[in-house]
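Below sits a lone chain in structure tokens, taken as the form predicted on its own.
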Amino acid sequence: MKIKQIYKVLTVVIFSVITLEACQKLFPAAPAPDNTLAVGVIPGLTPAQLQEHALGDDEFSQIFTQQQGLGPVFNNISCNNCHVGNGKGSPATALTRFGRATGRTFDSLVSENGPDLLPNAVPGYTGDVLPPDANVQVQLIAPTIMGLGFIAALADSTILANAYPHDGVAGVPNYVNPTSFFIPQAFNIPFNGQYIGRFGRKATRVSLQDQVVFALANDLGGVTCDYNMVKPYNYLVGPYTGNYVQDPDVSAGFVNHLVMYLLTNKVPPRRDSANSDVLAGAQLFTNIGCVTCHIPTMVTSTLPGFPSLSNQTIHPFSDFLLHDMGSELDGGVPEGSAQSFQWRTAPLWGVGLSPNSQGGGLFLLHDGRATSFIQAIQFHNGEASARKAAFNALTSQQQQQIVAFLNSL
């Protein structure tokens, strides 16, 4: 039986007796072999900020049950179950995003519980199934949550400086409609009432608050808050009337604690950076043009109240722009202005630690289909075709040096 099938069977068993004790015993977060490099807090926080970070840390690991507002349909029971040790998720915990594509028109089927499939349900209710009119779906593994505060502190002008055609690529920002609770910073530049997204696989979330609110309701599933009182349910069954908790399930304070936790997680330190193969690989990574999109160095703007995030030189190895990655990586599901074949350049910091949160294996790209760095590079087409060709022209030793460099990040 495949890992994902085993995972779903376990989920059904668990929620036939949905108690906190049962959840903790039968559906624990997968342990990370060594997450000491990936987990930690940025320096320079006030005592109040440190306390809020600690509260958010507890909430991130919280096992949600029906008695705490989970459901009636959901995808998982804890943030940490998908983002183990703050790292990348695996195909075993991937979520399904779906919709209906008709020519150039796309419907995320919100009226049929889109955009995310929530296949699990509380006792006495039935989990989601794909609607009959959904003709496209994509699997998405959880991205790393390391260094998000530095991404939040990037000025729009810094992102735009690398946008549009240059050096054979044409990265574009994803302008999205702001939520009602979005508070622009001085460095956010509006364009026709929209703002540049920077979080999510397709850069569809402008702020971490946007990301948390969406994730509670959709990626986790069924958890309402003061910012979003819409509780998903199986449209084939109808609304659930047995809620244990009156909406909202969690408070604005709960959301703010989670935001603080995500905002103040540190970036893992480099490893083996003085190794000769790592140094050679870094130079080759530059020479073949990978740094055109995976930009090594940026400088953050001023984020009020957070000196350790403000005006900092960071090394995310991303431009946070959307790129055409070709037909093989076309997931079929657009989001906002991002087409189905466009993906935000994934930050590479911490990528060498991915096996620590992925059960000892390595699962790359949006759906985890690539199980090695070289395989992931082979899926790079579209705007990345020339870079892939340059990589394939290297000797085997040179390719392994690039792998050594990536493992050091």
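The numbering used is simple: start at 1 and walk along the sequence shown. Computed from a predicted structure; not experimentally measured.
The same protein also has a form predicted together with ligand HEC, omitted here; what follows describes it.
*Asks:* Given a 4.5 Å cut-off on heavy atoms, tell me which of 157 to 165, 193 to 201, 267 to 275, 175 to 183 is the interface stretch with ligand HEC in the predicted complex.
*Replies:* That would be stretch 193 to 201.
*Asks:* Which one, 148, 309, 134, 333, lies within 4.5 Å of ligand HEC in the predicted complex by heavy atoms?
*Replies:* Checked against the cut-off, the match is 148.
*Asks:* Find the only residue in 250, 298, 290, 260 having a heavy atom within 4.5 Å of ligand HEC in the predicted complex.
*Replies:* It is 290.
*Asks:* Please check if residue 65 has a heavy atom lying within 4.5 Å of any heavy atom of ligand HEC in the predicted complex.
*Replies:* No.
*Asks:* Any chance residue 57 has a heavy atom within 4.5 Å of ligand HEC in the predicted complex?
*Replies:* Judged by the heavy-atom cut-off of 4.5 Å, residue 57 is well away from ligand HEC in the predicted complex.
*Asks:* Would residue 231 count as a contact of ligand HEC in the predicted complex, using a 4.5 angstroms cut-off between non-hydrogen atoms?
*Replies:* Result no; residue 231 lies far from ligand HEC in the predicted complex.
*Asks:* Is there any non-hydrogen atom of residue 383 lying within 4.5 Å of ligand HEC in the predicted complex?
*Replies:* Yes, residue 383 lies within 4.5 Å of ligand HEC in the predicted complex.
*Asks:* Across 118 to 142, which residues bring a heavy atom to within 4.5 Å of ligand HEC in the predicted complex?
*Replies:* In sequence order, 140, 141, 142 come within 4.5 Å of the partner.
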